[in-house]
Each structure stands twice: as C-alpha cells, then as structure tokens.
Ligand code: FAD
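Shown next as structure tokens: one chain only, the form predicted alone.
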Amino acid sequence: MEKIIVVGAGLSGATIARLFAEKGDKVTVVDKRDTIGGNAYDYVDKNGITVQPYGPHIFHTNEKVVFDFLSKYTEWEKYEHRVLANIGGKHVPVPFNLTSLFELYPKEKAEEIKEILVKEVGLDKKVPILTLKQHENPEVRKFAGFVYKNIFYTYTLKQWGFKPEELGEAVMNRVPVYVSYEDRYFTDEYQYMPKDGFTEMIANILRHPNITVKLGTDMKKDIALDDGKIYLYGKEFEGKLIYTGCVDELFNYKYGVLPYRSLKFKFKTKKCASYQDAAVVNYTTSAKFTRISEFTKFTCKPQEKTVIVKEFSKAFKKGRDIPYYPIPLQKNQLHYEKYREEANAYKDLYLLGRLANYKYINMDIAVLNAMKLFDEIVSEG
C-alpha cells in the first residue's frame, strides 16, 4: 500500500486518485479552492440553471475507454455542441461550412466557390485554414483569405493577444473549415453532458473509502523540493506526489513566471427563456468580448429565465488572475522545459494536467492522460 498525495481536485486529479484508491492505496486529494472540479466546477442557481462560473465546459470524445470510465460516475444527457459566429450582424455556423458560405456570399458566387472547393478539396472533408491559404488555386486562396479575416484573425488577436500566424498550426488547426453542411462544432462519437453537472460527476469519482479530500488547503506552502527529495511538513515524504497545479509555482518561479492567457466573465440573468440562437456565439469581427455563452442551452432544460456570460480574454498576472490557457509559442515551451527537467530530478514527483504540463487539453484527454500516468507509475513498481 502506497501513500499518494494528489494536489488538485479537478478532473485529472480525481481520475488518478480513483484509480489508485481502487488499487488499494490511500490517497489524499488537496485543493486550495473550497470546491472540487477545478475550472469545470458548476452549480445550480436559484432559478434551477446549471452555471459554470469558470466558463463553459463540454464533454466530447472518441475514446471509448474514457467514456466508459466516466459513465460509472454519471448519467448523461445527449448534447451536440453548435457554435455561431456573429459576422456583420449575421449568425453563421462555426466551424465555417457550406451553410456559412451561402449565408455570407451571393448565391451564384457561393455555388461557384462550393464547386471549386468540392473539386479541389473534396465533399465532406475538413481542411485547416492555413492549408487553404496556401492552396495552388487562386480562387481557393481568395476564399480562404475571406474566412481567415472574418473567422480567425480578429478573434485570435482577442483570444490570445497574438496574430494567428504567430501562434502557428497547432492553434489554427483546432477549428478547420468544413466542406460540408456539418454544423456540429465537434464530430466525436460520444457527445454528452453529465446529467447532474460536472461537479457531481467529479464528486462521485472521489467518493471512495481510500480517498480523503481536503479543500481550502494550499499544499504548496507545506511542500519543499530539494536535491531530488520531497519534503512534506518538514519531513522527507515517502510516497507519490502527483501535482496538477502550475509547475512554475511548484518550483517557486525559479525560472520565472510562465505566460498564460486569463479570462474575465460578466454574467447576467435574463428574463426570457432564450437569449440567442445557440449555446455559444463567437464575436469574431466585433465587440471587445470573444463570445457569449448561454447556460440553459447546455443543460437542455429550458427555464423561464436564462443566464448568459460574456467572456473577455486578458493577459495573465501572477497573484491576481486565474491561469486558463498556456500560450503555445516555441519560446514558452522552451521556458516550460526548464521546469520539466527540474521535475524529472524527483523520482516520486509526477506532473499531470494542463497547468503542470503547460499544454491545453480537452476533458477527455485529461482523463486519458491520468489513466496513462497511473499505468506508468504502477509499472515502475
């Protein structure tokens, strides 16, 4: 029986804690917040609406092993995410598809562009915008320039503080162009929302006699790392420490603060059953905010009132903001690697999750990575 400490009660931490608990190990999960779930935390407000105070989270995956694991801890409601973009006052599907094309171009021109795209790319295909921008056919490049300007350029500047070309393919390829009428934002096989919310699902994962959860506990101040050894409360720690927080904070910013983007939210309760045409509307060419999300459309439970949130992206400042998105620049990755190398010197220290690995990951990959790390640790013996 091993002693396991997991720092962070989000989905990554909860998953690996459960796996160790079922193995028979004693696990302590600590989180400096007073709530479990990390940024996926949600609650039901006085109007019966499930609100996500850290922004909308949506579950989707092609990984059956992940879906099967989580299905043990929640019932599901079918939910297929659809996003619209506000372009010149018109709401068109995102990712940009053939419906978007016919909404924004005159019919004859749209038919012409569709014919070219089907010939050059193929019907029912997904293609990255940067690939279209570099296409040998000038008509395809012209179309790509229009999409790039109206869907990607301004939105990326607002979201990341950088131009799309500065961030490169890793970011740009997340939202391809659909040469089809497919209007779902994700095309994964499993697309659901937990029936009673993400917080309840994660609480169920953590409900095990071998798991102790300590909230409102900043474990960082009790941990010391020195010369390959982990100290807890001043004594050498004999066990496994799995850390899901900011890796630069763990090492007292030895190599400086890692850059992130943070978010600011403005919530409003509206006295109407529906505020907008989709759960999320992106403001790609106008407004200071990046998008408006409407929570009743995620939960599929219409109410007499609804709750919306406007989302503003901002630069992260240590001690003041919540770090949301690692900024995917090569120099930042090199900066992170210094911390990764430092962590590798501690054989019983393991980094897990978006903040610890300085990498944006979807919820399903958070679970999958926790499973893989568990297997690696167990195989070490």
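Residue indices: 1-based, along the sequence shown. Note that the structure is predicted; figures quoted are calculated from it, not measured.
Absent from the display: the form predicted together with the ligand. The rest refers to it.
Undergrad: Although the partner isn't part of this model, could you tell me whether P328 comes within 4.5 Å of the ligand in the predicted bound form, counting any heavy atom of the residue?
TA: No, P328 is distant from the partner.
Undergrad: Wondering, does G245 line up within 4.5 Å of the ligand in the predicted bound form on heavy atoms?
TA: G245 belongs to the contact set for the ligand.
Undergrad: With a cut-off of 4.5 Å between heavy atoms, is K347 one of the residues that contacts the ligand in the predicted bound form?
TA: No, no contact at 4.5 Å.
Undergrad: Within 4.5 Å, heavy atoms only: does K318 come near the ligand in the predicted bound form?
TA: Although the ligand is absent here, K318 would stay clear of it in the predicted bound form, with no heavy atoms inside 4.5 Å.
Undergrad: Tell me, which of I113, L98, L130, L263 has a heavy atom within 4.5 angstroms of the ligand in the predicted bound form?
TA: By the 4.5 Å heavy-atom cutoff, the listed residue in contact is L263.
Undergrad: Would you kindly say which of V30, L351, V66, I49 lies with a heavy atom within 4.5 Å of the ligand in the predicted bound form?
TA: After the contact test, the surviving option is V30.
Undergrad: Which single stretch, out of 214-222, 138-146, 98-106, 234-242, brings residue heavy atoms within 4.5 Å of the ligand in the predicted bound form?
TA: Checking each option against the 4.5 Å cut-off leaves 214-222.
Undergrad: Let me know which residues along 56-78 have a heavy atom within 4.5 Å of the ligand in the predicted bound form, or say none if there are none.
TA: Result: P56, H57, I58, H60.
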